[in-house]
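Consider the single chain below, provided in structure tokens and representing the form predicted on its own.
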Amino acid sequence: MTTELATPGEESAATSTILTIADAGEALRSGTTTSVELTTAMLEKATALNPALGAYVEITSDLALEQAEAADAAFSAGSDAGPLQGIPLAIKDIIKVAGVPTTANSRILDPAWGGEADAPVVARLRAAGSVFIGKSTTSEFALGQPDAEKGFPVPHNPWDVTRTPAGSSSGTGVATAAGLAFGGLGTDTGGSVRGPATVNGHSGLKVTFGRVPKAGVVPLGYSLDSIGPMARSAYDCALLLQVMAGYDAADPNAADVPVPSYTAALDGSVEGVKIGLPIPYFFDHDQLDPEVRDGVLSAVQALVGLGATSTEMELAHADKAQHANALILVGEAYAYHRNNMVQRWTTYGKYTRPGLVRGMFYTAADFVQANRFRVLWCEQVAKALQTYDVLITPSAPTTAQVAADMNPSQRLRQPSYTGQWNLSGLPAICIPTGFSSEGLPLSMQIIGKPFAEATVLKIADAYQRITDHHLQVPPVDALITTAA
């Protein structure tokens, strides 16, 4: 199913066939291409496709080319800052980038929010020589569905533009899948890194709470938010996380925990890895698409074939964990937005207002009970992970849904397989497992122990070494003609 992404203008064969950060790094160091060539090609793609795909709020051409020229100059001088030097990335538009407005896709937020300094995670990418293609679209304040009436680009799934690209980090997901960036930053409070990875056909890692500092990021849920890498492959996610991870005093929730070598852990072996499959709710829900379920089970069998073992097990009250995460999320969001809700209610988008109102109607007792349940859920999951190295579930109950059919009430009634791990603060990665009969990406989720990102990346990478689902490119060439 591999389809080369058509590109306007003069793009070399070398740049058009490079899909991953790892491959781009090899090409840059071998002299096959330059960062300026890679960046120019991606800027052309982004400009041509953004009207149809809505991946970027702002394409930062001048900044990107300046960074690309600096990366090439560093290579020429024999200076190499590491695997991200010269690599074009997308930054979700709730994360500060010095000299570029941060809007959170909202008319509420002052674009000068946060001042002129980079967020710590952006500063780390900048120091590593990365190139910033643009600020990627998000749901308003990472909460409501995008509202076209507010004048921001609306992201579309590159596999089928009538379908949702999912999650508030959808812009980075669309850019990664469509070849408008090699990867980038998303944030995850209930699944917003993993949702786009799930339906757009790439990899997305939610990190352990506190693993990556989140200062300089517009908050959604104070006790749930995390910043995660999004890229085609688990290996690329490891390259990004190596730079992103680590303590920073600017974030009171940042964990002062050593950062291991993530790529060193990716040796292709899963021999002896113990996988738990929580069957109730995650595999037997009546709204779970059989194609999704079968894709995950097939992927698990592939891992068993590589030497892992899998056992069916149970995590009680997974549905309550979903609801507890959602309750805490909107309660904490309401705390942040309360004053603006009173003073500027209609300035919020029509899809954001219902989410914030939910936070207003929950009581203090509801919030306390949700957090009491959180303790019990975390204890139960921790006990399970004494037996298993990882848990594996579907990433979502269905493939990408038709966007016109989605509404807030429907979303509340659907099962979710991601928020449970924000509630527990655990690392979880979503990776492709194939395609549905409609040609839409399928995905599975691998959940690990606290700060065991290396383990979930190792298992995901082992699977991706024997499959190429993550390397499939959506056929967006026709959209270039439409958007031109």
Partner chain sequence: MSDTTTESTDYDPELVVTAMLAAARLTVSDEEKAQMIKDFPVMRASADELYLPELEFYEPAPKFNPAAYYPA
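Numbering follows the first chain given and starts at 1. In this text, all values refer to a predicted model and were calculated from it rather than measured experimentally.
From this point on, the text means the form predicted together with the partner chain, which you will not see here.
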task: Would you kindly say which of 291, 366, 160, 80 lies with a heavy atom within 4.5 Å of the partner chain in the predicted bound form?
output: 366
- prompt: the partner chain isn't shown here, but in the predicted bound form which of 98, 127, 297, 376 has a heavy atom within 4.5 Å of it?
  reply: 376
- request: Work out which of the listed stretches, 389 to 397, 275 to 283, 357 to 365, 84 to 92, brings a heavy atom within 4.5 angstroms of the partner chain in the predicted bound form.
  value: 357 to 365
field: Heavy atom of residue 218 within 4.5 Å of the partner chain in the predicted bound form
entry: no
query: Does the partner chain get within 4.5 angstroms of any non-hydrogen atom of residue 327 in the predicted bound form?
result: yes
task: Determine whether any heavy atom of residue 107 comes within 4.5 Å of a heavy atom of the partner chain in the predicted bound form, and answer yes or no.
output: no
field: Exercise: residue 250 in contact with the partner chain in the predicted bound form, heavy atom 4.5 Å
entry: no
message: If you apply a 4.5 angstroms heavy atom cut-off, which residues in 320 to 337 are near the partner chain in the predicted bound form?
response: 320, 323, 324, 327, 334
